[in-house]
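Shown next as structure tokens: one chain only, the form predicted alone.
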Amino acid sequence: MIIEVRRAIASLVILMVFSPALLAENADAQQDGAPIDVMGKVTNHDYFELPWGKVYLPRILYSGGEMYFYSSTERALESGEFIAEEGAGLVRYDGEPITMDLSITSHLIYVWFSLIVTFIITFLAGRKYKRGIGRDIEPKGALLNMFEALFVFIRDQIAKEFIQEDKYEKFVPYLYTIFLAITLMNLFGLLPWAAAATANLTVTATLAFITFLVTQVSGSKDHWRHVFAFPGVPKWALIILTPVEILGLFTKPFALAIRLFANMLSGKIMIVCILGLIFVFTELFGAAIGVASGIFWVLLTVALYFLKALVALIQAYVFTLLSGVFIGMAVEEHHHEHEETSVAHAPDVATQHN
């Protein structure tokens, strides 16, 4: 278990290394005069919103061979080196394009929060296991019991179920890490002022890309044989099968990214829209009608919050489950040579029997 905990921490570090480069993007929300800015609640921002205000985040830009650091977008504009263009965000004053935008954004903050909480839970549980608690004696404390229940569930119900028996153990830490991290990202999105990081396609694509790397790097010779030289089919058929198999390598992580992104984005938009009806009714029919109808909309939103919390867990489970399935398919050995030998000897056995 200690080795598996260490692997889980290593998986977490990999996620934290990949996320900054792939998550950086410019997404400044624009107010359009509507009663409530629906998309502004789900899009990425250059500030971190709190119940009592906003904290503006650093801008890190690479343009024209130079790296620029600013404490906020406002400071970048005050420097005179960048100007704001509608629809394009920040651009350099001389028209030089921004080659790379590594700015800290609101969604990235919630990704980091989720990974840090995952790390803390895993680290604390690992320390207790080193002392023998949960290994030599029964687990003690709510944290360790929750960790062990989750870890054993991922190991027995996903890894062991879908990955070859002699190979599944080394993938348990990764599957555990993505399940807990995605669950936390989804649940953070339930906070009224917060944003669901998984409602950002860049985030889900990053997670799917890491699963893609783990899958392909761990792929067995038999896996690659099925991609480039599918056994048991005529050579001419490979002209059709090989491109289809190669395409399949990329459609699987694509489906992972889109499924998680679409479900979490639609849930957040639905809640914001329903609450927004209070403002719509107030603007159309007056404050009295708006407040009176607000009781119904708030109760409906509360019910949807419970449903969205369940969806947050289900989507994390589905992402982890499919990752386990894809990894299991890649590492599996089919032993075609044994099958071909058995078929070759079948006529001889039949002849001897006759």
Partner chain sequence: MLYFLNGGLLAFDTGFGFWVFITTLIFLYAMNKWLVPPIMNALKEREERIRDSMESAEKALAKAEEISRDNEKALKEAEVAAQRVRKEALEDAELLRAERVEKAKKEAEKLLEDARLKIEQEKKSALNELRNQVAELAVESAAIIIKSELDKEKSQHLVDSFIKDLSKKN
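Positions refer to the first chain, counted from 1. The structure displayed is predicted, hence computed values, not measured ones.
Same protein, other form: the form predicted in complex with its partner chain, not shown, and the subject of what follows.
Segments offered: 231-239, 99-107, 270-278, 218-226. Contacting its partner chain in the model of the complex at heavy atom distances within 4.5 Å is 99-107. Contact check at 4.5 Å (heavy atoms) against its partner chain in the model of the complex: none of 246, 303 and 323 pass. Though the partner is left out of this view, residue 143 does not reach within 4.5 Å of its partner chain in the model of the complex, counting heavy atoms only. In the model of the complex, at least one heavy atom of residue 60 sits within 4.5 Å of a heavy atom of its partner chain.
Contact annotation for residue 75: none of its heavy atoms lies within 4.5 Å of its partner chain in the model of the complex. Contact annotation: residue 123 falls within 4.5 Å of its partner chain in the model of the complex, judged by heavy atom distances. Checked against its partner chain in the model of the complex, the residues 255, 191, 284, 152 give one hit for a heavy atom within 4.5 Å, which is 152. Comment: its partner chain is not present in this chain, but in the model of the complex one of 264, 207, 195, 158 has a heavy atom within 4.5 Å of it, namely 207. Residues 173, 174, 176, 177 of 173-199 are found to place at least one heavy atom within 4.5 Å of its partner chain in the model of the complex.
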